[in-house]
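Next up is one chain by itself, shown in structure tokens, the form predicted on its own.
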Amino acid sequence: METRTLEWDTPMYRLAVAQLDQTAQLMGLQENLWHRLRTPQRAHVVSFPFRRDSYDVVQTVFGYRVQHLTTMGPTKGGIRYDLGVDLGEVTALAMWMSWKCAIMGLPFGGAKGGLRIDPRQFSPAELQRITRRYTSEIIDVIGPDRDIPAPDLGTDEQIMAWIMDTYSQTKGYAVPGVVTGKPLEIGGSLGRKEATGRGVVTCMVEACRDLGLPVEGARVVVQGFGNVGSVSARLAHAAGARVVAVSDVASGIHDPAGLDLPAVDRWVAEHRTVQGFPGAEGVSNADLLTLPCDVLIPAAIQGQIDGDNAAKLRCKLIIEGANGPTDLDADRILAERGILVVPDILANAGGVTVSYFEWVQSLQHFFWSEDEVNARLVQLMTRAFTDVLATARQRGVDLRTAAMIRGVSRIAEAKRRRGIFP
């Protein structure tokens, strides 16, 4: 039976499906499984009225929660607040989360959700009301044993606290395990904020070792100076690399001798942008990608490296901090040029890994030290990188395809073991 996909047929969804199709064909995946993995098991679309601080202004808000795979255990994935949120985007992100969890050996399926709003246009009081109403709309499909949200683009630990409180109020007792990425005071985990960036840099160190490229003094360019990008830059610097350029949504800064990252952090804390940072030259986000460097870390948004600019990149290694920053045309060009790409489903899996640690801590009411969290994260990321690299060499494929093979294979075997009901 042909599946009708118009409801979520967007460029981001088409990229996720194309990656799956390419892998499934190479694996010889059973056709029924292949088709089932192309679409989510559950997709929830909600709309609700929202009253602004100006009491007489009421708007309609659209929200989503997609659960791609329920075979492995509860589903797991972020919630984003962004004007670009639609059913296709969250479906693609949920699919990628399924592969990530399987690659890392976590007992989760992939999920994703969000609201189609610009959070910068809302007051804190408005954000709290809109978050609580969205939670009430999806409350029947989330839970510590069902689906566990986390922060993503446009959301943070405060948003997670409001979701947890709303859910807990309906239960009559505190349920810290319903979300991860919470404040420490209500069950959050040490090391969670830095987890994605730490995973990115762990993959960078392992990839540099494989390439014979010394981390000490390596020139690093980071696109995106949000949570993932800024942490990646700081940890790369701490590992001995030379961060020569960073950017945010407005613009970028470049210093071939290496940026003074503590000074950049202080500037951003005061001005909320890297733009105008003294002692560095300005550079656009597009031009930043083509700066000469050893390591490029795209940690902004999807669709940044494509068939038009892939031939212009002047790096030796790409570590994908963002979700879906590279399209299939670019993948082919980069492979032909011998540029190693550590894919998003491996490189940025540190966030969901420490979210798993937080979920376990919340269920047990037993907390780990930051050193324990970081050590376990590095151990799992290193093992996953080693396994994916071994698969790539064994199958003669790139790292993205190898990571997909490992993730899809584990999911396919889990589905085979569980069988079909009834």
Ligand code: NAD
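We number the residues from 1 along the sequence you see. All values derive from a computational prediction rather than experimental measurement.
From this point on, the text means the form predicted together with nicotinamide-adenine-dinucleotide (NAD), which you will not see here.
This chain appears without its partner; in the predicted bound form, the one residue of L190, L153, I333, M72 with a heavy atom within 4.5 Å of nicotinamide-adenine-dinucleotide (NAD) is L153. Checked against nicotinamide-adenine-dinucleotide (NAD) in the predicted bound form, the candidates T202, T131, T196, T326 yield a single residue with a heavy atom inside 4.5 Å, and that residue is T196. Site residues I142, A161 and V179 are none of them in contact with nicotinamide-adenine-dinucleotide (NAD) in the predicted bound form, judged by any heavy atom within 4.5 Å. Not displayed here, nicotinamide-adenine-dinucleotide (NAD) is kept clear of P149 by more than 4.5 Å at the level of heavy atoms in the predicted bound form.
Interface residue remark: A111 is not counted as part of the site for nicotinamide-adenine-dinucleotide (NAD) in the predicted bound form, having no heavy atom within 4.5 Å.
For the chain shown alone, F225 is a contact residue for nicotinamide-adenine-dinucleotide (NAD) in the predicted bound form, at least one non-hydrogen atom being within 4.5 angstroms. When nicotinamide-adenine-dinucleotide (NAD) is considered in the predicted bound form, I301 lines it closely, a heavy atom lying within 4.5 Å.
Heavy atoms within 4.5 Å of nicotinamide-adenine-dinucleotide (NAD) in the predicted bound form are found in one stretch of 101-109, 248-256, 208-216, 133-141, which is 248-256. In this stretch, 258-286, the one residue having a heavy atom within 4.5 Å of nicotinamide-adenine-dinucleotide (NAD) in the predicted bound form is N285; the partner itself is omitted from this view.
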